[in-house]
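Let's start with one chain on its own, the form predicted on its own, as structure tokens.
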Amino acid sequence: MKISAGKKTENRRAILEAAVDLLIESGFKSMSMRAVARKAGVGDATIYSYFPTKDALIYGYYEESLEGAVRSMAEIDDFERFDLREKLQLLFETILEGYLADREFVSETFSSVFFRPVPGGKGVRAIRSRFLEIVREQFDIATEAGELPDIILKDLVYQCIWDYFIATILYWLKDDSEQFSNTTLFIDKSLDLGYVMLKSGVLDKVTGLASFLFKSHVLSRIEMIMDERDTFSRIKEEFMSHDAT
């Protein structure tokens, strides 16, 4: 039976809400797909058309949270007037606000999704890719408006912001200050510093220096090691050839 797109969205959210409740009650290992389906009011088989595995349920929660934050920001009338720093701060704080009611769930699953011994693979890559897409779009807007200079090694900067995002969530999960004031201060101060470095071009100079040091020292040493390996291989071949005769 075909169902409307609205009903699909409703079912998907009901499944995710059920998964959050059950995981908090019983833990990830004990939570079953059947129990999630029944709590969400969908068929035992139907749930697999939305989320094929328990891992996919977890990734689905983080994807939905990220998209929810984007939708919330888009509803702000003067959002486009914000500078890049304000937009990034709003993105982080909106995501954390979304996590707040499910903090126990996030605490349980964040490490199991992002820092498990075997990396999450495709699910995590999709979340990371969407996050970087959002960040890249805001950087492009800031650059085109002349707010920021054109940055070299952009992808490295975006990756650093992803890592910073992960670190911020871990910090927030450990934050026991009143109303998470320490996390707010951490975001505020660190974004201040990063934004000043981006605008002044200091970050470009640092990455340029790092690139120079890598090319001039690390790569040259790798080439030297490869040369020595080739020399050793020739000596070994000559020795083995002599021994055989």
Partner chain sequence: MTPRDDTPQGRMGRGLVYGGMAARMGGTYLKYAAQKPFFSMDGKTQAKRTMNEKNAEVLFGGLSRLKGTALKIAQLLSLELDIFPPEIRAQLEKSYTDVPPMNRAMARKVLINAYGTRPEKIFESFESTAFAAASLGQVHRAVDFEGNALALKIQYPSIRQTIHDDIRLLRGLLRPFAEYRTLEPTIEEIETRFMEETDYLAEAANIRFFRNNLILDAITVPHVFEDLCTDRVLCMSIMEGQTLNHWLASNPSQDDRDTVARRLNRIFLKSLYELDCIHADPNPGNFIIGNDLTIGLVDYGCIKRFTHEFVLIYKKLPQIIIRGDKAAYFDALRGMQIVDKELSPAVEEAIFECAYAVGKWLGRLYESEFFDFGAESGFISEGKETMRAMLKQRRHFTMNPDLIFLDRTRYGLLRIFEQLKCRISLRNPYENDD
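Numbering follows the first chain given and starts at 1. Bear in mind that the values here come from a model prediction, so they are computed numbers and not experimental data.
What comes next is about the form predicted together with the partner chain, which is not displayed.
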query	finding
Heavy atom distance at most 4.5 Å to the partner chain in the predicted bound form, all of Y59, E63 and E67	no
D140 within 4.5 Å of the partner chain in the predicted bound form, heavy atoms	no
4.5 Å heavy atom contact, A145 to the partner chain in the predicted bound form	no
Distance check, Y171 to the partner chain in the predicted bound form, heavy atom within 4.5 Å	no
Distance check, R34 to the partner chain in the predicted bound form, heavy atom within 4.5 Å	no
The partner chain: the contacting residue among I152, I76, I166, C160 in the predicted bound form [heavy atom, 4.5 Å]	I76
One residue of E93, D102, D175, E108 in contact with the partner chain, assessed in the predicted bound form (non-hydrogen atom, 4.5 angstroms)	E93
Residues within stretch 81 to 110 having a non-hydrogen atom within 4.5 Å of the partner chain in the predicted bound form	R81, F82, D83, R85, E86, Q89, L90, E93, E97
